[in-house]
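Here we start with a single chain on its own, the form predicted on its own, put down as structure tokens.
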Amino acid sequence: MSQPEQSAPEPRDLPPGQYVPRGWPVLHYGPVPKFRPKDWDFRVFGATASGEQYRWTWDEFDALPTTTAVADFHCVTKFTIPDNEWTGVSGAAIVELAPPAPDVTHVMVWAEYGYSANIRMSDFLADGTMFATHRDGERISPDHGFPIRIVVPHLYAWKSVKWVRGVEYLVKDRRGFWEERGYHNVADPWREQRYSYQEDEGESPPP
């Protein structure tokens, strides 16, 4: 009896204009910071419910409960890395540990050297958003954000900030580093939201 023919694999569903490269390209602004665990901390500040700042040392942060999610990684330079297994502390867990004030609408994620990216609270709380410490079971490398990077897999990867040091709760949206330099305020890859001139009403920060 002849064997049934194998059907061809379905083409991967990628956002418009994206392709799958070989390897994982390294792209970032500025040098790779040196990690000093004794000096490192993670802070949550701004419009917290208590009005106080929250702080974790490296050992404390590394001991927080983690979650794992498998998701694609979409860079605005048009490459997509499929099926990454991320492990880290979810955005929802941070909000539970450091509650925001009721009128918080966005967060600003801050990193080494003053780098930043603004994210809607709904994106910060979305499934898969996390402060990742591991990719595919291994610590993320310094080039890719060690010791932690936020991963927001449903947005372009400039929102997935490397070398994160803190989160600021915002009651009024404002642009982060690349958003101030012409990138789209929301960054949905499925809508190709690359540049600020593409922003529709309601997508830009208030004047």
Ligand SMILES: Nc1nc2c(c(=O)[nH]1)N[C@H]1C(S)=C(S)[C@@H](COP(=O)(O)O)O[C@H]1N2
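Numbering starts at 1 and follows the sequence shown. A quick note: this is a predicted structure, and the numbers were derived from the prediction, not measured.
Heads up, the form predicted in complex with the ligand isn't pictured, but that's what we're talking about next.
Val152: touches the ligand in the predicted bound form, heavy atom cutoff 4.5 angstroms: Flag for Val152 set to no.
Is the gap between Phe35 and the ligand in the predicted bound form 4.5 Å or less for some heavy atom pair? Phe35 lies outside the contact set for the ligand.
Contact label in the predicted bound form: Val26 to the ligand, heavy atom within 4.5 Å: Yes, Val26 lies within 4.5 Å of the ligand in the predicted bound form.
Is it the case that Ala111, even though its partner is missing from this view, gets within 4.5 Å of the ligand in the predicted bound form, heavy atoms only? Heavy-atom contact with the ligand at 4.5 Å: present for Ala111.
Taking Ala98, His106 and Tyr169 as the candidate spot, are all three within 4.5 angstroms of the ligand in the predicted bound form by heavy atoms? Zero of three within 4.5 Å in the predicted bound form.
Using a 4.5 Å heavy atom cutoff, which residues in 138-172 contact the ligand in the predicted bound form? It's fine if the answer is none. Result: Asp143, His144, Arg149, Ala157, Trp158, Ser160, Val161, Lys162, Trp163.
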